[in-house]
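Only one chain is given next, in structure tokens, and it is the form predicted on its own.
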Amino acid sequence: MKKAVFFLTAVLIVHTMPLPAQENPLLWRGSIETDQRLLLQDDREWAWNENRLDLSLEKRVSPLYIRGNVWLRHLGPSIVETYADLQDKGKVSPWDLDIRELYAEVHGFVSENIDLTIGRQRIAWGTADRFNPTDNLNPYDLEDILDFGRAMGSDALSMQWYFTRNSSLQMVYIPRFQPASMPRGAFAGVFDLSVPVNLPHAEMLVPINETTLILPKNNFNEGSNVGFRWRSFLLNTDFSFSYVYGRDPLPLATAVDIIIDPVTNDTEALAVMEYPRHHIAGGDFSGSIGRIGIWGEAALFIPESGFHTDVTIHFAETVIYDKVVALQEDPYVKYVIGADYTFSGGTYMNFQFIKGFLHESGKGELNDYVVIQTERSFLQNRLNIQPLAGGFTVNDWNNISDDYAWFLTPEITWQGIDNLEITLGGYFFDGKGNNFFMGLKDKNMIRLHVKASF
């Protein structure tokens, strides 16, 4: 709290100080946004309630470039549980200060062809639209699970070496491990772990009630991520090749202890979870064929070692020991291929096929996803409509009717006033079986999003 007040006070003082005329003044950009989502189920609860100040600052003093981006937000309803909690404004009216980026970039460091960047950075790799299997340096920001592609910044050292105008080599070192943030509010539990249990009289899928996380040691060997990326341009096509040696920001269970009541079959399960490390070789491209934009992206994941889940089951007077494969040692490939096109009437269409969602790992464990988006603008671009936006997923193409899910995210946006956007939309989910979007099946909702930029 004290740090947040100090930061905001310092910003206001600097901004109101009289400054001499400068050739490169401090630049302020940002927006004020409200994002409200209401569940359509019987209880009609709020699924999401966020009010955000998004503030970016930039300053250029050649050869130095400084940038910061912070979010100041009010998030969700009150979280008071006791009368004493009413004395804590952070619980009565929850808020959050999130430093998204804060770094300094030196152009011409050592050599005029080398740029050095130090600080908290969002290092985004890949050419696909929001689903990027080669983007593995920053941890996922899954707080809002419907904001696909969002990631947190990492404290990093990045060096970019330009060989020609179109070719460069980027080298990144992230000294400390940072896990992914998990969904909150109505989305909490989407990634919760369940373990299959085979008993003599039945088969059960047991949800994990409690977890213990084993984080890697905070040192140069255990917690660091390293990445290299060669990027170039040839035959009207951008392309790159990359390599990352780093940890998965999502944990796997290495041990589970389950207690089952033999009368009621009620379960209690405790898990120990760790973060596996991978070698990841990737490549991507983006270009066009005539008026059709095309892109592709693939990453080969090579686990440093396999992971097994040691399962101990306490059932009546019996103790059963089992071992479940959590991550095979075999390499596996995630990829995306997509295209977009604008028709002569002005309708825009975007299509992507995705093999492997961000939480899926291991050979034979990747599912297929198809995502589509259509847009059409009217009234001199003041009105934008997305009538068909969404997709579907299939786990087993030989049994589609029992293992599939679809989702729709239509919306309409009005931009009749400069710097103001008002969007009304919805999220709708349905399907069968055991897949990611089935965790959202009972969370159909409508959304109102208002954004004022400055």
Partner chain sequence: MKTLRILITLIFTGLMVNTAFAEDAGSILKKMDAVLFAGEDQTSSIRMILTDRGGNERVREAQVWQKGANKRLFRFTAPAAEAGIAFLSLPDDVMYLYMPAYGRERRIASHVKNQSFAGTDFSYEDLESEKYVKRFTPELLDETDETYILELTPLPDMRSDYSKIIAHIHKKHHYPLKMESFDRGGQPFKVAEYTFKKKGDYWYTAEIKMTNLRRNHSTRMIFEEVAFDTGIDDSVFSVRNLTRY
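All figures in this text were calculated on a predicted structure; none of them were measured in a lab. Positions refer to the first chain, counted from 1.
Keep in mind the form predicted in complex with its partner chain is missing from the figure; the text below concerns it.
- Think of it this way: in the model of the complex, its partner chain has a heavy atom of just one of Glu274, Asp141, Asp98, Asp340 within 4.5 Å, and the residue is Asp340.
- Checking Ala255, Val80, Ala124, Leu213 against its partner chain in the model of the complex, a heavy atom within 4.5 Å turns up for just one residue: Ala124.
- The partner is not drawn, yet in the model of the complex one stretch among 374-382, 257-265, 185-193, 203-211 has residues with heavy atoms inside 4.5 Å of its partner chain: 374-382.
- Taking the partner from elsewhere, Glu317 is found to have every heavy atom lying beyond 4.5 Å of its partner chain in the model of the complex.
- In the model of the complex, its partner chain lies farther than 4.5 Å from every heavy atom of Gln170.
- Taking the partner from the other structure, its partner chain in the model of the complex has a heavy atom within 4.5 Å of a heavy atom of Asp135.
- Under a 4.5 angstroms non-hydrogen atom cutoff, its partner chain in the model of the complex has Arg291 among its neighbouring residues.
- Proximity to its partner chain in the model of the complex holds for none of Asp403, Lys432 and Lys441, with the criterion being a heavy atom within 4.5 Å.
- Along 159-185, a non-hydrogen atom within 4.5 Å of its partner chain in the model of the complex is carried by Tyr162, Arg165, in order along the sequence.
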